[in-house]
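Single chain ahead, by itself, as structure tokens, in the form predicted alone.
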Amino acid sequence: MEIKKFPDGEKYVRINCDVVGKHAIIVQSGALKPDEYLIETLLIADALNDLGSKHVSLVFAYFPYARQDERFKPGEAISLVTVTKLLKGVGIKTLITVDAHRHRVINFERIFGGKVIDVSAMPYLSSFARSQGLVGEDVIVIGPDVESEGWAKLAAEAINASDYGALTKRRISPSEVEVTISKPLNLKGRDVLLVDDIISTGGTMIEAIKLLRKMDVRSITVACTHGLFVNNALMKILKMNIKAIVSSDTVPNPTTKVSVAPAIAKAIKELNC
């Protein structure tokens, strides 16, 4: 690929190989510069189709705009749906994502109109935490909100943890949340692996850590797939006296410890295009 910017900020894209009759797979991260990477991806996909590719697939390691998956206030754009329409419109037939944030979307394939494979970094993250001695045998895996319980389950299963659960979150504002516990969890004296798909401003994680501290846990290790860490979030979380923070390489950052490449490679093999 040849990708550059014109002086006015517009993107230039050129495919430097023969793609006629071939299955082309775009591997992209939509994190940190979502507008720029989205336009880049649309240009690449449209060019591939126009140049004769038989099938265009997209690996969006971090799926941008996925958190606006419904209309919370009157007049809001549902960005997940809009972005999905754009991807479909340039001829992307298959989509591979990694722990895509679409809590309220039950059937993403229906919206996309093509095959969607969502792989997870959670087994890799929890396995790394166990291998490095960050959590012991009596670990409990916790999600900071109800939507993250599924990720807690995946992380727990990968290390044969006997227990997992989730807290309850109430969003007060875009940057302020309240975290409570809705059902009894046996946490006293135990290692906690606190997992979520995304850490952005860190507000949810910080409130979850505060609550867990009140429950006399032995240690807290934080793990996430997409470590965005905006507005100095990483330092804010580290100041909470936790054992460690680990993340995947979907968004390279100082806490990146595991790669999702094996999970993506396995998904690509399943396409059979």
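A residue's number is simply how far along the shown sequence it sits, counting from 1. Computed from a prediction, not measured in an experiment: that's the story for all the values here.
There is another form of the same protein, the form predicted together with a small molecule; it is not shown, and what comes next is about it.
Here the chain stands alone, but in the predicted bound form its contact with the small molecule, taken as any heavy atom within 4.5 Å, falls in 200 to 208 among 24 to 32, 244 to 252, 200 to 208, 38 to 46. By the criterion of a heavy atom within 4.5 Å, Arg171 is counted among the residues contacting the small molecule in the predicted bound form. By the criterion of a heavy atom within 4.5 Å, His101 is counted among the residues contacting the small molecule in the predicted bound form. Mapping the unseen interface onto this chain, Glu147 counts among the residues with a heavy atom inside 4.5 Å of the small molecule in the predicted bound form. Not displayed here, the small molecule is approached by Arg67 to within 4.5 Å at the level of heavy atoms in the predicted bound form.
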